[in-house]
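Just one chain is shown here, as structure tokens, and it is the form predicted on its own.
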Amino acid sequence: MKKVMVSLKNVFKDYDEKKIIKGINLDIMEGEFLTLLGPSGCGKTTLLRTISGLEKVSSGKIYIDGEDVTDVIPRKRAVNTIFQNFALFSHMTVEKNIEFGLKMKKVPKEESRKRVKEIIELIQMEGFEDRKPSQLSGGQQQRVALARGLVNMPKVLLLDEPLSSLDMKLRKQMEIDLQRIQKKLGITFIYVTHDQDEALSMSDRVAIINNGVIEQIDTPKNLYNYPKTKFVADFIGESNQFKAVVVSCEKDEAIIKLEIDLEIKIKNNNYDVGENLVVIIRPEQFKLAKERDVTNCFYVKTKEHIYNGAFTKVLGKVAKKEIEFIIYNDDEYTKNEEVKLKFNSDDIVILEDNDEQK
């Protein structure tokens, strides 16, 4: 059974009496790739900096490998941090940049040489040892920055949006490389990003942060398929959200009426007649219906088609409600055409519509 490597206990962080982190509790396991995901200003980078020691918590405790490091200075914590800017020494070669941390820790030369060689092989930069940063591409510089953070074998590697300055193709390649390297070394990675694609593709778990609190922490698959709040449903992927009201209840089933004047049967989860709900349907969960289909069907007037290569996103309107869905053959449909859609009740997510989520 894996042990807890990083533990946050009721952590708060205030700036000038403004609460940035609001009582976060979080356990991160040894060897886990965990991503802190959220919009700009949500507190994710501040939380990362409290783990590194670059920010002092206002209250609460931080433990790394069972040790209370709340008041421990950054260089004495068993962590390394990789920032958005690569921060490589421009006058040093690749080899010297990677070796720098070992030199500061007075690691014996033979051991240092061995570890540098191993990490260069791991990041697949053999043959580049004598080059300076200015002679490297952005992706290569990022690999060197990663190697410099890993060569000391920290217990935890903190990554603050390290791929944000790379172009799309390089980012996708680095996502694969980061996963490969992390699994190979078994080091705990805590990764900060506002890019949901990065978070979903790389992480073992993702913590969705909103306004200084964790809205939900789960596997990427569960976050996408089973969001627990409207914010998570909207932030992870794209979603159509419909207000609904419970119109009748039986022992096992309930009937709810969506704001588009459509009634559907769902499993009765102890609902009350008149209860307000929110129904979430992902764009890809809508299918083009046949005329004989009658259950969970409605007509949409299409407005815009957005071609995306593998599929086309269609924006439409039903009963003054704007929705979006996906089709895989755009040739048959034109703007302002009416099409019939259907969905499966088992695919939808139903949440309470309460004040906390509005």
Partner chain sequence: MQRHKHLKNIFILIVFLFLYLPIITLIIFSFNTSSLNIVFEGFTLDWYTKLFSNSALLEALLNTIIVSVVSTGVSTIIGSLAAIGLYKFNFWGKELINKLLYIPVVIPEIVLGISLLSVYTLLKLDLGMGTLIISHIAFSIPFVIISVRTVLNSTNFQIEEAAHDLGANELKTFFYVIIPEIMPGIISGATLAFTLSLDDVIISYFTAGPGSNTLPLQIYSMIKTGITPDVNALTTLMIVVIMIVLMISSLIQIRKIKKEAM
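So that the term is clear: the rigid core is the largest set of C-alpha atoms that superpose within 1.5 Å between two forms. Everything numeric in this text was worked out from a predicted model, so none of it was measured. Numbering follows the first chain given and starts at 1.
Another form, the form predicted together with the partner chain, is not on view; read the next lines as being about it.
Highlighted residues 79, 89 and 106: every one comes within 4.5 Å of the partner chain in the predicted complex, counting any heavy atom. Contact annotation for residue 70: none of its heavy atoms lies within 4.5 Å of the partner chain in the predicted complex. Though the partner is left out of this view, residue 52 does reach within 4.5 Å of the partner chain in the predicted complex, counting heavy atoms only. None of the heavy atoms of residue 194 is located within 4.5 Å of the partner chain in the predicted complex. Although the partner is absent here, residue 137 lies well away from the partner chain in the predicted complex, with no heavy atom inside 4.5 Å.
Just one of 243, 117, 265, 132 comes within 4.5 Å of the partner chain in the predicted complex, counting any heavy atom, and that one is 132. None of 237, 220, 101, 283 but one reaches within 4.5 angstroms of the partner chain in the predicted complex through a heavy atom, and that residue is 101. Only one segment in the set 91-99, 195-203, 221-229, 244-252 has residues whose heavy atoms sit within 4.5 Å of the partner chain in the predicted complex; it is 91-99.
Residues are counted as partner-facing when one of their heavy atoms sits within 4.5 Å of the partner chain in the predicted complex; in 167-182 not one qualifies. After superposition on the rigid core, displacement of the C-alpha of residue 128 between the shown form and the other one amounts to 2 Å or more.
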